[in-house]
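For reference, the chain that follows is the form predicted on its own, supplied as structure tokens.
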Amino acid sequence: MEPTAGDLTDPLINHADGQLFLHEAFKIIVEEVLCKGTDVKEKVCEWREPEELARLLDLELREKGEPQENLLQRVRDVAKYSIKTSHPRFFNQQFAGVDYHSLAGRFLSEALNTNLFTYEVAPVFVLMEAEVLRGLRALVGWTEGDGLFCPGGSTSNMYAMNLARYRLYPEVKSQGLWSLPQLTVFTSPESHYSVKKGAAFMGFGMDNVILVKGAVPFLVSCTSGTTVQGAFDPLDRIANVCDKHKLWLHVDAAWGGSVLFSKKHSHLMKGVHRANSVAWNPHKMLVAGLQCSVLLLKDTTDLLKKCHCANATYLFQQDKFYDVNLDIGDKTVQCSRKVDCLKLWLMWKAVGSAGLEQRVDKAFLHARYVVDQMKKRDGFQLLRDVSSHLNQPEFVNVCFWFIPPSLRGKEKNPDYQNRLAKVAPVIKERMMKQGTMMVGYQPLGDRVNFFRITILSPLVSHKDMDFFLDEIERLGNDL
């Protein structure tokens, strides 16, 4: 029985009961998420309509607490009805699979529950983050620099925009937007939407993420691995322009950055060393687990701290008994910051750079395999067949239409595009409700809805690729 709030003789939390609950909860997590959730004989999802799902989960929060057996059932229900993103047939997003060393790191960082802002409360992780960032910068080609782990690639991109603006107009930190001319960002049409969001968030507006006559360009945002098609901008050519005009070059490599581990595929980011900043999400292709996102900087002038510091004296006292440069919290716009370096560090320690390279190379092989198999089957039309001279996708994104038998040979019919646009949503609904697999779809420009499979999980095999193609056919042949 828990002690009352007025009883000061005992703590409010009973360690024995809590640890027993944790032990039982972990057994459920291992069974439901890590065993069933990675078994191809099990479903990727247990689809329920929102009203039914809310009722099954009993989401209401009440005055009185529940007994342990009820709570363990809650754990089981949450696991059961959640999407199994570690399942070998989850192809829906740019995160998938599981790395058990990284997962152990995530469990450990959650249990330690510290804040990565000062050395006094996070000594292990201040040093660890610095070493992981150093290792990632070395892959970019920098022997010096700075950086930090951020809550997602979008935030990394926004940090880069803020740093570029501050470097050009440091007075913005104290005087605000009133002190600035109209600013603009150059980027490509397929860049991540966070570039536009960042422009809105920072106050110079989405309309200025274009070439505006009379405006002052302050940043060029390139993409290495676009979200939909996996395209890579030509970094060397863009860097030549940025060098000539003294523009900040940012590379959004949230998706594609992990090719830098691969001797075979790092050429896709040739010239990245000439950038000022790089955003990279190891929680994607490296399977480090959500979230694991970094901003890497070439800068050695402490620009991060100069741009973001507020010198809070209750945290960042300058007369501490250790080197106060180890208190890194004033580099960020956050105060509370989770430990995201441990999961990557432990995984990297476990498999080494060679193991991470193998993951990248294998993902490319799987993508090539599924493309080759598509070309042998009727009804699969690759986007690249229409839009490019390339015989293979540039990256591990495979974009395609499935053409049901009823539409084959009818490409010139006036209603063909409208009918084709309805195919992917219906197939997606069927696969979700049957729970067999998950893959995303989207329109792009004047192209109607098409599927995009992103292949990155180290748990997949050619059998899963074959199943994927068979299942698309099974779910769509009658449309």
Partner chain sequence: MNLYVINFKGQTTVGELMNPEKGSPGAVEDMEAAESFIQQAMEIILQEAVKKATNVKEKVCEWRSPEQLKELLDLELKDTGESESKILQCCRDAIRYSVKTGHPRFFNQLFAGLEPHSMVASFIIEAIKTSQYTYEMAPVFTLIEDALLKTMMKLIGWEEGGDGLFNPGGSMSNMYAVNLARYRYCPDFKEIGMYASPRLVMLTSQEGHYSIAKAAALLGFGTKNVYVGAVPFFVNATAGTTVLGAFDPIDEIADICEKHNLWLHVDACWGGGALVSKKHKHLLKGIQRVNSVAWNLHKMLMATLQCSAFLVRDKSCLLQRCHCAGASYLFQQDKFYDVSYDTGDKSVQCSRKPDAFKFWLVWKAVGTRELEYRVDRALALARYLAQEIKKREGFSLVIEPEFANVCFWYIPPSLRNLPESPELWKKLHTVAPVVKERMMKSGSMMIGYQKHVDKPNFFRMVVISPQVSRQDLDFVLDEIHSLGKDL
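Predicted, not measured: the structure shown is a model, and the values here were computed from it. Residue numbers count along the first chain shown, from 1.
Not on display, but discussed next: the form predicted together with its partner chain.
Interface membership of D478, defined by any non-hydrogen atom within 4.5 Å of its partner chain in the predicted bound form, is ruled out. Proximity of G289 to its partner chain in the predicted bound form: non-hydrogen atoms within 4.5 Å are present.
Proximity of D39 to its partner chain in the predicted bound form: non-hydrogen atoms within 4.5 Å are present.
Its partner chain in the predicted bound form is approached by Q93, whose closest heavy atom lies within 4.5 angstroms of it. Among the residues A138, L71, I210, V241, the one placing a heavy atom within 4.5 Å of its partner chain in the predicted bound form is L71. Scanning K375, K264, K349, R408 against its partner chain in the predicted bound form with a 4.5 Å heavy atom cut-off leaves one residue, K349.
Partner contact region in the predicted bound form: 103-111, out of 266-274, 248-256, 294-302, 103-111, criterion any non-hydrogen atom within 4.5 Å of its partner chain.
In the predicted bound form, N449, R452, P458, L459, S461, H462, K463, D464 are the residues of 448-479 with at least one heavy atom within 4.5 Å of its partner chain, listed from first to last.
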